[in-house]
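Okay, so here's just one chain, in structure tokens, the form predicted alone.
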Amino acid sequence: MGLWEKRDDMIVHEVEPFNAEPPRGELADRVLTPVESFYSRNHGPIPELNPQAWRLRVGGLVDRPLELSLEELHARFTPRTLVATLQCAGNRRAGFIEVRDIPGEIPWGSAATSTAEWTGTSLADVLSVAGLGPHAAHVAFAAPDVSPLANPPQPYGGSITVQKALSGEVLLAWAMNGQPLPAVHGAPVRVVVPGYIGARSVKWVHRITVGQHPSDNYFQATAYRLLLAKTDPPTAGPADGLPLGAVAVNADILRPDDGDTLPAGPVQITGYAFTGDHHSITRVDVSLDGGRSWRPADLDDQISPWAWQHWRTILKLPVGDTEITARAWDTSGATQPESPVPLWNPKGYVNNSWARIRVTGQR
């Protein structure tokens, strides 16, 4: 095993803070991503906390402020388990960098997305015990990991609307794939916000604050916002651009890999498709001719409303160089845009353009 008990062949973009994704093919064939293969996104050093000393404080616009130990969180609330996919807002940023450089941002490939079975307490249950005040509109999460990306450095945080917080699927999770959370994934407790960008699933959460407004934390107010292409990120201030929430419909190809040389003839093409909010994937198309013609792929059943779906098809690969293209559609009728060029933004978020790889067929 490599750093933080991850696979030796993880693509490590940074050691400190630790940011890594698995080879794309490792995400194929399995609905649940093994913990050792699950991507890791961090903004500062990973804290290793004592579970016995950990406390969760719930305050702000609540009737009954709470302070809960891990033992009390387990004992007072009914555990819930759900399968949910987390996807980094910068997933597939490498495709944007091919259009125009994005200095200072991690060149994530297609595998900054993974799926796990999470077990924990419903956030809605905790907020019900605390009692929401009449002006409660947002729920903010705070963690102890200090990030130098903010100026001055500050602990990581973020928020979601009260509507999302009370929807039932948001968890305060302490287990992942049936095992206690490892430190690199937020032990002893993390937030899991299904259907939203991974940045809102705050790890190592130790404080929840209910308020009238979104969190003023750097990672909610300034980072993780979709800026206009002409914006200079270092000069962007709070509330510039659009805040990122639900994941946009997206799909990518997992096998074969970009640059592979394969025998010409029938070849199996596999990938994943995922969308956020309360939608699901209804169709995936695959093309060998740049999108002039498409073939429908076989789409796996969705095992959870919050999980990705794998897809596969067999197409006849010609001799020579071929671009394989894929696109997905969701239940809202949304599909992926053709090109990353008009989607490019100076932080490299939400590249959900058509998935493309190039392979060579040999006789």
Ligand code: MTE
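Predicted, not measured: the structure shown is a model, and the values here were computed from it. Position 1 is the first residue in the sequence shown; the rest follow in order.
This protein has a second form, the form predicted together with the ligand, left out of what is shown; the following refers to that one.
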Is residue 39 one of the residues lying within 4.5 Å of the ligand in the predicted bound form, judged by heavy atom distances?
yes
Even though the ligand is not shown here, does residue 174 get within 4.5 Å of it in the predicted bound form, heavy atoms only?
no
Find out whether any non-hydrogen atom of residue 217 is located within 4.5 angstroms of the ligand in the predicted bound form, and reply yes or no.
no
Can you check whether residue 195 is within 4.5 Å of the ligand in the predicted bound form, heavy atom basis?
no
Heavy atom of each of 255, 297 and 356 within 4.5 Å of the ligand in the predicted bound form:
no
Note which of 281, 269, 187, 199 lies within 4.5 Å of the ligand in the predicted bound form, where distance is taken over heavy atoms; exactly one does.
199
Heavy atom within 4.5 Å of the ligand in the predicted bound form - the one residue of 88, 210, 247, 160 that qualifies
88
Any idea which of 199-207, 166-174, 95-103, 226-234 reaches within 4.5 Å of the ligand in the predicted bound form, heavy atoms considered?
199-207
Can you tell me which residues in 135-159 come within 4.5 angstroms of the ligand in the predicted bound form, by heavy atoms?
143, 145, 156
